[in-house]
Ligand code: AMP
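First comes one chain, alone, set out as structure tokens in the form predicted alone.
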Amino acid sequence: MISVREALNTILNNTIPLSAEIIPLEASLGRVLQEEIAADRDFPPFDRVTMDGIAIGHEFFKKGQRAFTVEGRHMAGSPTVSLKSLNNCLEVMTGATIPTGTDTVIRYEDVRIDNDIATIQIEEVNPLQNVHRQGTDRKASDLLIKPGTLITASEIGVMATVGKSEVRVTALPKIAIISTGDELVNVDQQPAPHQIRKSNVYTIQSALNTYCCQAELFHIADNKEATVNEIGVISETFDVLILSGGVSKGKADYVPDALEELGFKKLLHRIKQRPGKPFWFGSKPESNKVVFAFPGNPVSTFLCYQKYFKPWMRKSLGLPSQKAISARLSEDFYFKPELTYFLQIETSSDPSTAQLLAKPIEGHGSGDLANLLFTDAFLELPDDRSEFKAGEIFPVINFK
């Protein structure tokens, strides 16, 4: 067995290269940008009115003028207009260009308008008040978004502003999720007394939506020949195989031998951890394919996905590692085997210190899927001791 740290390092050293593709802007949410996005013109592109009101030349207010004849109304989206007489004013709407001959906007709340005469009701008015000057946010050609950025709604808004109807992004790997075992039936079937419905594949499939991956689902029965043949066919089409079950030492655990028979190089099998000890990971470097073969118990599968697959996926996509977080154990905990233990916890914040607190929520082992409903993270307890005291701080894997 190898340590958790060795296992994670091995996995992160075996990412796969991903190409780029061009997709419509509206399909880019959650994807990773692979080009520079620059301003195509100044932000804002003109001196812009920021409040509904009247536009005046400040020099006239400074000289003591308070009443201004209204020459007309200037709306957002209309070409720039000019004052006919510089000591007059124009009504202006938010988003409009500032009229030529004016440099200051007084909001309607501070003005009284009677018979086309606007009288300013306040005594302090600053030059350029309520005017958003051209280019004060960004200049034309300024870099706005760097390659490697995860695209959110904010990035989409900026890219739309600069006219990017299509975007170059990192292509997604083709992922197959494979369940194994005769005890499993489809979610829409009634299981026999000795069977259960599939759940791990749906858990992983839904988790992959975070990366916009539409993984396909497969199932393989407990048969050595079928395991070899079906994994072989699937691996021809997909870049990443995620298997659930069939990796331990049982008589029907055919997955490790089948993978090696198919030419996958074993990079690790069995990690000093609980849950998830029998996890198998391997690759075919010559064809840029990798296999994550998780143990079949649902908590084991879920933990291995969170601890190992997510960092691997982020690195493959070119995203930075997620920021490490930690929590303080709220009560004593004891775990005897010399294994890294991923303790299911419920987190909360200590109002006096803002430190994250970890309350143990022990279930009934790695098969207790329902216990995950009452937890939101795993606390990673080291393998060099058995007693963990309240108040000690440990790393957290947050999944909610």
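As the structure is a computational prediction, the values presented were derived from the model and not from experiment. Numbering starts at 1 and runs along the sequence shown.
Here the subject shifts to the form predicted in complex with the ligand, a form of this protein not shown in this document.
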{"property": "Stretch from 269-277, 293-301, 205-213, 72-80 whose residues place a heavy atom within 4.5 Å of the ligand in the predicted bound form", "result": "293-301"}
{"property": "Contact assignment for the ligand in the predicted bound form, among 173, 99, 282, 245, heavy atom within 4.5 Å", "result": "245"}
{"property": "Answer option from 90, 329, 201, 313, heavy atom within 4.5 Å of the ligand in the predicted bound form", "result": "201"}
{"property": "Partner contact for residue 155 in the predicted bound form: the ligand, 4.5 angstroms, heavy atom", "result": "no"}
{"property": "Residue 241: touches the ligand in the predicted bound form, heavy atom cutoff 4.5 angstroms", "result": "no"}
{"property": "Contact test in the predicted bound form: residue 143 vs the ligand, heavy atoms, 4.5 Å", "result": "no"}
{"property": "Contact of residue 196 with the ligand in the predicted bound form (heavy atom, 4.5 Å)", "result": "yes"}
{"property": "In the predicted bound form, residues of 169-197 near the ligand [heavy atom within 4.5 Å]", "result": "179, 180, 183, 184, 196, 197"}
